[in-house]
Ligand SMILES: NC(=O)c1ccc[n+]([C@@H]2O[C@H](COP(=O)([O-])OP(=O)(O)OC[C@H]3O[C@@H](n4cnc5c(N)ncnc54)[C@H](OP(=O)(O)O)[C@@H]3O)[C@@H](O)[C@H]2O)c1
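Just the one chain here, laid out as structure tokens, in the form predicted alone.
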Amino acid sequence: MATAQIPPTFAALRSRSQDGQVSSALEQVSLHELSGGEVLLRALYSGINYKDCLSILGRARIISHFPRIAGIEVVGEVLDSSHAAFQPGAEVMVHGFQTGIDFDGGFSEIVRVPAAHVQPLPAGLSPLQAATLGVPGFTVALALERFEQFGVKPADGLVAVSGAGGAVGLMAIAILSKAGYQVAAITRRPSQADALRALGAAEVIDAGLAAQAPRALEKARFVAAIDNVGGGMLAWLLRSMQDSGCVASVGNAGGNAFDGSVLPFIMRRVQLFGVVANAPWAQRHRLWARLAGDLRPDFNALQAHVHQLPLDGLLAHAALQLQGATSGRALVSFAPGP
């Protein structure tokens, strides 16, 4: 693999572990220190996910081996490749496949990845658009495809989206509304209501409802739901589903456990399933083609919710995100402009 275009060292946020304590810091890294792979990328954008924040701040056991460069997704340009499918100059993306966990990930100016993990940028999406969607957009597409398999149609009723101000929530509002669904955005920040409606929400609901004394079953409001929160919110959504409603559990910012009963499943035949943003290649290609096509959101409307920051701002942002003090979709930007 030729390395003429590669500087001797480049910046990366590297995580290390000592006596069971994880710490992360910007380091100058050389190519031979990266994990193996046939494709070398110049990173353009790397999405910042809740999982990444837990990882780099040592709040959960996510990284398998240290030292490691975290970042579960990256959009970049091929610098060099020993695999015929990926030529220098090609724009590609990587997410899943234990990127940033078993393999070095996207929080680095230069990224080396196995060719088996690389996907060409979907036709019709710019690098910034693909990065804006990223793992959150793909997660929503996975959930929506399951809803469709269960027979959910736009005319059936409201689809609830919890954690509506976060990256997955915002993508869900934009993508579901593009697909014709009426979306109920659930947020703990009433001040966001106008922005959520501008993005496509038909209704905005105060998340405080989920904290009220629970009933065995709540009013049947929703035909489907994408839950980013877990905990009490997931329990409330289950109790609030219509007959044969579907709930996609995609996040746990509000806790891993929830108190519930069998009544939503027995009395209303509610379906609960989990979503993880990994999938076989056939499904990846199918859903990314839809995200560039019939599910393509209004990127102009999303722009106000996308925040780009430099690599040296990542640790401070991660601390704020875990405190619930951020909103929107955050990207580490390695390249100026769109």
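This is a predicted model, so every value here is computed, not measured. One rule holds for the numbers: they count along the sequence shown, beginning at 1.
One more form of this protein exists, namely the form predicted in complex with the named molecule; it is left out here, but the text below deals with it.
Novice: Wondering, does R188 line up within 4.5 Å of the named molecule in the predicted complex on heavy atoms?
Specialist: Result yes; R188 sits at the interface with the named molecule in the predicted complex.
Novice: State yes or no: in the predicted complex, is some non-hydrogen atom of A193 no more than 4.5 angstroms from a non-hydrogen atom of the named molecule?
Specialist: A193: no, not in contact with the named molecule in the predicted complex.
Novice: For A253, is any heavy atom within 4.5 Å of the named molecule in the predicted complex, or not?
Specialist: Yes.
Novice: Hey, in the predicted complex, does L133 get a heavy atom within 4.5 angstroms of the named molecule?
Specialist: Looking in the predicted complex, residue contacts with the named molecule do not include L133, since no heavy atom lies within 4.5 Å.
Novice: In the predicted complex, which of the listed residues (V168, A143, A224, M93) lies with a heavy atom within 4.5 Å of the named molecule?
Specialist: Of the listed residues, the single hit is V168.
Novice: Given that the named molecule is left out here, which of R286, H307, R42, K51 has a heavy atom within 4.5 Å of it in the predicted complex?
Specialist: Filtering the options by heavy-atom distance leaves K51.
Novice: Looking at 295 to 303, 63 to 71, 270 to 278, 26 to 34, which stretch has residues with any non-hydrogen atom within 4.5 Å of the named molecule in the predicted complex?
Specialist: Going by heavy atoms within 4.5 Å, the stretch is 270 to 278.
Novice: Going through 304 to 326, which residues have a heavy atom within 4.5 Å of the named molecule in the predicted complex? Please give them in sequence order.
Specialist: Contacts from 304 to 326: Q321, G324, T326.
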